[in-house]
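What follows is one chain in structure tokens, specifically the form predicted on its own.
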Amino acid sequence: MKDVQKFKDNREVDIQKVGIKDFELPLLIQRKDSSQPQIVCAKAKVNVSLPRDYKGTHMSRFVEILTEWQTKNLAGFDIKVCLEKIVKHLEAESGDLEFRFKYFINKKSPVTKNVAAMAYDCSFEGRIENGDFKFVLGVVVPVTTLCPCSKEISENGAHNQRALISVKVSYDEESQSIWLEDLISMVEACASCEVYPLLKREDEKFVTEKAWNNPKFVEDVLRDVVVELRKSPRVREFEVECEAFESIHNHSAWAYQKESKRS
């Protein structure tokens, strides 16, 4: 049968990225303290470069290769092998692969120690260009913040809010892997207080009092996360975003930072 995708195109336009997105598939994600992986429902976005001489890429090959990886036990940096195969089979110079998924961690409530699953939005992202591979690990962590200004000027109480801390980190080698659990735990420690999936009255008292004793602006939270990431010898680049969904305003408070340690 004719391979229409390989027909010559005469418009002389190199396409930087072409591929598929929102392809849903199950993945097996390695967990830090368990030999059993966690099964997640992931959405994949994958693309490659397309030289001007080709009419189109082979979309089915993306699906074929991704389907092979449904049974792999993935730990972030492992997507390098998957992306290398995609770039090779599509005869491309560069390519990108992104998996987004919900990752669940069992959390104990702070006082009663009741256990329930907490969901975190996570991502594995990889790019190959000029033979070089770059990996980015992403997490979005819900937390509580309590406003220092509100506490200072009010006789009774202070407004607090749920916030989202989004962190992306890049590291160079599989041997330097950063576990999702460790990154999430570090981020949670930088907030006024963690949030929990299950709280009884004793736990709620603990959470509200901890936040009261640990007030933070979004600027404070962002700076604390940045300091921790700067200290990590494994992290080469990072990106941090903090958004607090204000309880007394119809807008969010927001802060952002991006840094690279590369010389």
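Position 1 is the first residue in the sequence shown; the rest follow in order. As the structure is a prediction and not an experimental result, all values here were calculated from the model.
This protein has a second form, the form predicted together with a further copy of the same chain, left out of what is shown; the following refers to that one.
Chemist: a further copy of the same chain is absent from this chain, but in the predicted complex, do Glu64, Thr67 and Leu199 each have a non-hydrogen atom within 4.5 Å of it?
Modeler: All of them do, each having a heavy atom within 4.5 Å of the partner.
Chemist: Based on heavy atom distances of 4.5 Å or less, which listed stretch (67-75, 176-184, 131-139, 86-94) is in contact with a further copy of the same chain in the predicted complex?
Modeler: Looking at the partner contacts, the answer comes out as 67-75.
Chemist: Can you tell me whether Arg52 touches a further copy of the same chain? I mean in the predicted complex, with a 4.5 angstroms heavy atom cut-off.
Modeler: Yes, Arg52 is a contact residue.
Chemist: Is Pro110 close to a further copy of the same chain in the predicted complex, meaning a heavy atom pair under 4.5 Å apart or at it?
Modeler: Flag for Pro110 set to no.
Chemist: Does a further copy of the same chain come within 4.5 Å of any heavy atom of Arg230 in the predicted complex?
Modeler: Yes, contact at 4.5 Å.
Chemist: Within a 4.5 Å heavy atom cut-off, is Arg162 in contact with a further copy of the same chain in the predicted complex?
Modeler: Judged by the heavy-atom cut-off of 4.5 Å, Arg162 is in contact with a further copy of the same chain in the predicted complex.
Chemist: Using the arrangement in the predicted complex, list in sequence order the residues of 15-45 with any heavy atom within 4.5 angstroms of a further copy of the same chain.
Modeler: Residues within 4.5 Å: Ile15, Gln16, Lys17, Val18, Gly19, Ile20, Lys21, Asp22, Phe23, Glu24, Leu25, Pro26, Ile39, Cys41, Lys45.
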